[in-house]
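Starting off, we have a lone chain in the form predicted alone, written out as structure tokens.
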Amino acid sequence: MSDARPVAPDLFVAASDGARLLAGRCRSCARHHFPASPVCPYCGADGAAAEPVGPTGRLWLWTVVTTRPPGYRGTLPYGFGVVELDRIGLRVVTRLTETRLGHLHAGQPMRLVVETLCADDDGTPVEAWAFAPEGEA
């Protein structure tokens, strides 16, 4: 068992068949949102429940980040984009494992992965989710 910790609690889980994001699903309007919260951001109803979603989707938007944002301790450059999850249509703002813009295109199949982002001050590995082009995950 790894001694790694997630970058933040309750954002993703590792399942036997791969990683999943924890999205909220509204009991009133049935829409998904990420990250999960008990209040639906679309209709305002209370009582949304977290459920695992993913791991596949399609790339919508992408860029490469070459300057470190405040508090970011991961490697540079890194891919950044929007992936629409298959079956539920939820669009997730996400890190991408691919940093070569010429290797990304609209509608590209993507797969959720969990990878080590950086290490804490005490050396504990910190894990985060990202999407990788299908076939590279």
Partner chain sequence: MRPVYVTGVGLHAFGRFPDASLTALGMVAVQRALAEAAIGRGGFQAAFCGSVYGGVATGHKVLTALGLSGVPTVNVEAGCASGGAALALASAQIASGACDTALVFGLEKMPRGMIRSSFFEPWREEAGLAATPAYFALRAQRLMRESDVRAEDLAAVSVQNHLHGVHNPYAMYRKPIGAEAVLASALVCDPLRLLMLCAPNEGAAAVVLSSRPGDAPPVRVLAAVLRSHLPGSVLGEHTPLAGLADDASPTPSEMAACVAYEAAGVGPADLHVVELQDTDAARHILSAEELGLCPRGGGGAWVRGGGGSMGSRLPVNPSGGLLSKGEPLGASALGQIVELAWQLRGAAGARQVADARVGLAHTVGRGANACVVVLRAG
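Computed from a prediction, not measured in an experiment: that's the story for all the values here. Residue numbers count along the first chain shown, from 1.
The same protein has a further form, the form predicted together with the partner chain, not shown here; the description that follows concerns it.
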property	result
Contact residue in the model of the complex, from Ala45, Ala49, Leu61, Ala30 (heavy atom within 4.5 Å of the partner chain)	Leu61
Contact flag, Arg73 vs the partner chain in the model of the complex, heavy atom cut 4.5 Å	yes
Exercise: Ala132 in contact with the partner chain in the model of the complex, heavy atom 4.5 Å	no
Contact of Ala4 with the partner chain in the model of the complex (heavy atom, 4.5 Å)	no
Contact flag, Arg111 vs the partner chain in the model of the complex, heavy atom cut 4.5 Å	no
Contact set, 6 to 41 vs the partner chain in the model of the complex - heavy atom within 4.5 angstroms	Val7, Ala8, Leu11, Arg31, His33, Phe34, Pro35, Pro41
